[in-house]
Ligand code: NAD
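In C-alpha cells, the next block holds one chain alone, the form predicted on its own.
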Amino acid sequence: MRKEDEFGFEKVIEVYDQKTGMQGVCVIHNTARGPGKGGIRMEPDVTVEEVMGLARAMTWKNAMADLPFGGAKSGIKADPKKMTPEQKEAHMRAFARKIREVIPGEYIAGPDMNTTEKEMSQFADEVGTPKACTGKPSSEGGLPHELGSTGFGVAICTRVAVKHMGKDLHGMTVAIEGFGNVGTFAMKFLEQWGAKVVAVSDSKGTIYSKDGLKYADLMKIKSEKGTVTAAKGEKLDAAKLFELPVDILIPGARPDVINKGNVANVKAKILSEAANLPAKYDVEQVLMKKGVVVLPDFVANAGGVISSYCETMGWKADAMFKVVEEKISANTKIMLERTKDNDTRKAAMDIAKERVRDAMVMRGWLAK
C-alpha cells in the first residue's frame, strides 16, 4: 500500500479507455475544505506517484491561499507533440467521461502542462457542466491565466515582504527569470510601483542593464525579435541571472535553478518564487541562514488558483484582481509574522496544515 497520512490520499482513480487508448489518473488528496482543485497535465512519462505528489501540494497551496478548495491533480499519459488535435481532444473527452462521477463535488479540473483553455472547454462540454473545470475561455465565463493573475500575485507578495522588512520598494533592483505569462506581469506591476528591473531572461539568455529595463520596450522587442536578449544591455548566459547583484530575485520558469552549485553566489536579499520548486528546501535553508527572505512558491504564485476560485464564483476580471490582492497580501503577512528563524516555508506549511486539520475536525474526520 502507498503511504497515506492523516490528511489523505482520499482517492486514486486510474482509468483506461479502450477506444482511444487513453491512460489517465485522477488523485484526490483531501477535500476537507472543499472539492479538490488541481490541473490536468498531459505528458508521455506522467506517473501515478508524480500526480500524487502534486495533489498533496495542491492541498497546501489552496489552504494557504485560504480558498474553499481541497487538493487534487490529474495526469493523462500521452505525448501531445505526436498527436493530432482530434486525438488530443478524444483523450481529453475520454478522461472526462471516466472520472465524471467525482466532478464537480470532489474534483474541479484546470489547465496544466500541455493543456489550455481549449481542452478545458472540451472537458466541461463532455462532463456537461461549466462547473467541471476552470481556465475555460472567457466566452464561456472563464478567467484564463493569460489575464496575469499569477504574475500580479507574485508582485503583491513581493511588495508586502518589502514593507514587512521596513524597506521601500521604490528603486529596489529586480532580476526576473522567464518572460512568459508570469514574468511579464510581475515586471509590469513591480515597475509601476517603482522598482527597477535590471535583468530579465528567456530561453535565449539574460539581458542585463544597471540603468534598468522598461516593460513596454521588452514586450515590443520580444514580439518583434522573439527574445528579450535583443534589447540594449549586456547579454549573459541564462544561468548568470541568479548571481547578479540585485535586491529581489524572481525565478519564474524552471525547477531547481537555484541549487547547491550556485546558491553561494546568490546576492539577492529577497527570493520571490514565481515558479514551482525553483529551489529545494535544503537549498532554501542555506539562503535563509544567510538572511535572505524566501517567499515560497505556494504563497507567492497562488494568484492562478485564486483566479480559479473567482471563476467558480462567476466573477469578472476586475473582481478577481481585487481578491488576489486581498488574499495574497493577508497570507504573506500571516506567514511573515509567524516565521521563526527566518524559515518562511515551515511557517507557511504550518499555517496550511492547521487550516486543513481544523476543517477535518469540524467535519468530524479527526478528533480535536
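The first residue of the shown sequence is 1; numbering continues from there. None of the values given here were measured: they were computed from a predicted structure.
Below, we turn to the form predicted in complex with the named molecule, even though it does not appear here.
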Indicate whether Thr229 is a 4.5 Å heavy atom neighbour of the named molecule in the predicted bound form. no
Counting only non-hydrogen atoms and a 4.5 angstroms cut-off, does Lys222 reach the named molecule in the predicted bound form? yes
For Thr150, is any heavy atom within 4.5 Å of the named molecule in the predicted bound form, or not? yes
Within a 4.5 Å heavy atom cut-off, is Asp202 in contact with the named molecule in the predicted bound form? yes
Looking at heavy atoms inside 4.5 Å, which stretch does the named molecule contact in the predicted bound form, given the options 76 to 84, 208 to 216, 91 to 99, 272 to 280? 272 to 280
Heavy atom within 4.5 Å of the named molecule in the predicted bound form: which of Ala253, Ile248, Val198, Leu169? Ala253
To verify the annotation, which of these, Gly194, Gly291, Gly105, Gly180, has a non-hydrogen atom within 4.5 Å of the named molecule in the predicted bound form? Gly180
Hey, with the named molecule in the predicted bound form, do Leu54, Arg159 and Thr332 all fall inside the 4.5 Å heavy atom range? no
Residues of stretch 45 to 83 in contact with the named molecule in the predicted bound form (4.5 Å, non-hydrogen atom): Lys61
